[in-house]
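Just the one chain here, the form predicted on its own, laid out as structure tokens.
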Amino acid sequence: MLSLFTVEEVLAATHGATEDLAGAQFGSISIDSRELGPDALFVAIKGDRFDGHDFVEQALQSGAAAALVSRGGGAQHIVVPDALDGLRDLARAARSCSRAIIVGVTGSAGKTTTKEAIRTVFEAVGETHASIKSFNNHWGVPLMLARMPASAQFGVFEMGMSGPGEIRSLTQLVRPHIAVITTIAAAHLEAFGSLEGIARAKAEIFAGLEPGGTAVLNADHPQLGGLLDQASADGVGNIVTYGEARGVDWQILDVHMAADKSFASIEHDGVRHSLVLNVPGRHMVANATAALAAAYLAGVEINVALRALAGFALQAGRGKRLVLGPDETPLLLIDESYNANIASMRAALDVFAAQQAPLGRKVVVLGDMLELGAQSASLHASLGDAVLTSGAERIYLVGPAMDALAEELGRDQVTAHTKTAAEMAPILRNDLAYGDAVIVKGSNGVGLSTIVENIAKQFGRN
């Protein structure tokens, strides 16, 4: 069994107390009683909807070796003042024992895809530990860090935010050697008020950068200057830039796309390298270039990184392509249901514009972009040109904020508009047909993943 912590190490890290666990070892750490690894330490954190303490006994009955709790006590319990703080203590302990090269990733769009691209490259050369799914918040980051084995050679951690100060606390836990900021765009405007406010919050990642570490910055947005100023203020001496802008360290050139691939030349130190991805999209090329730069800084040879990126695959909800039904007349489903802001929405529609329907119609299903505050209506309306340019023949809108886009397009151009995903599901079930190409894109909170599941179930049967 791989041991992450002995009970003595847990007690030392958390200053906890226990009665009868001498000699115990923990091979995994979990906050979900339904997902327990071998010899798990269950951490009973209190979330927005659930309190882990309500599931302690269930976790122990399901095989957890012990539970880290902040109330109660007895057999198999390690008692600490606060379970979430205890998890953070374990994260710090894991980080202090690690000799891995650590990369932290943040940005308004492309965080998870870039993190996965970096993971793909690192896994080609050594033992790699990376955040799963989008575990990038105040409990997800310490959980992922606490799970990092001391034997890992590389670590990749995604950091998200919903308010000021959040990334600062996360990066000070992770202490990355390389900090990547993918882009600055209108996401969480409700909390930050402006793109400049978002840039300042993303730049908090520099506060945890290890001495001598490097910031890797996308140069293709107007907030680059602000990021550079903050990096300088935080004493970041090494800065690497990438993008299509002239003069960057890793310049993207000659981008072109096929229906399911992307091609580009990447120039670095006067040498051009050919990048081929099995996913379409200009934004995917940018994400892959960030991964290429980070990997090079970590000591990975460029050709090794390029070969690894050629096999990179997207995750569900982030542009994954599903070809459903008979080979002669398939339905193509592009799943972008996990998240949406103005930058990622435009990028997805740009990719769809290059996509041909197998034998039928091009269908766009768009859900609200959440947390945009006072600018929500204008930002939704601004998608009108991208929707029309995508070649959509059928347009389905979900959510109240999409009223603004419906008005911009003209109500007669919108096939159907519902307030919820549940209302839209039966409409799509009756309207779609084999041969169609369908893209589904919206913020996770809108629930469009259920629409993707319904379409996959209905059309995947044959």
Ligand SMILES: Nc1ncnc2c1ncn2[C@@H]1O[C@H](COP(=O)(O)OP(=O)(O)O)[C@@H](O)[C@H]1O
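A residue's number is simply how far along the shown sequence it sits, counting from 1. Keep in mind it's a predicted model, so treat the numbers as computed, not measured.
This next part talks about the form predicted together with the named molecule, which is not shown.
Participant: Would you check, heavy atoms only and a 4.5 Å threshold, whether Val279 touches the named molecule in the model of the complex?
Facilitator: So Val279 does not count as contacting the named molecule.
Participant: How about Arg119 - does it come within 4.5 Å of the named molecule in the model of the complex, if we only consider non-hydrogen atoms?
Facilitator: No.
Participant: How about His273 - does it come within 4.5 Å of the named molecule in the model of the complex, if we only consider non-hydrogen atoms?
Facilitator: Output for His273 is no: heavy atoms all beyond 4.5 Å of the named molecule.
Participant: Taking the named molecule as it sits in the model of the complex, is Arg318 near enough to touch it, meaning that at least one heavy atom pair lies within 4.5 angstroms?
Facilitator: Heavy-atom contact with the named molecule at 4.5 Å: present for Arg318.
Participant: Work out which of Phe154, Tyr338, Trp250, Phe352 lies within 4.5 Å of the named molecule in the model of the complex, going by heavy atoms.
Facilitator: By the 4.5 Å criterion, the partner-contacting residue is Tyr338.
Participant: Ok, Ser134, Thr241, Gln76, Gln230: which has a heavy atom sitting within 4.5 Å of the named molecule in the model of the complex?
Facilitator: Selected residue: Ser134.
Participant: The named molecule is absent from this chain, but in the model of the complex, do Lys111, His283 and Ser344 each have a non-hydrogen atom within 4.5 Å of it?
Facilitator: Checking in the model of the complex: Lys111, His283 and Ser344 are all within 4.5 Å of the named molecule.
Participant: Only one of these stretches, 253 to 261, 144 to 152, 360 to 368, 111 to 119, has heavy atoms within 4.5 Å of the named molecule in the model of the complex; which one is it?
Facilitator: Heavy-atom contact with the partner occurs in 111 to 119.
Participant: What residues in 426 to 446 sit within 4.5 Å of the named molecule in the model of the complex, counting heavy atoms only?
Facilitator: Going through 426 to 446 in order - heavy atoms within 4.5 Å of the named molecule in the model of the complex - there is one hit, Lys441.
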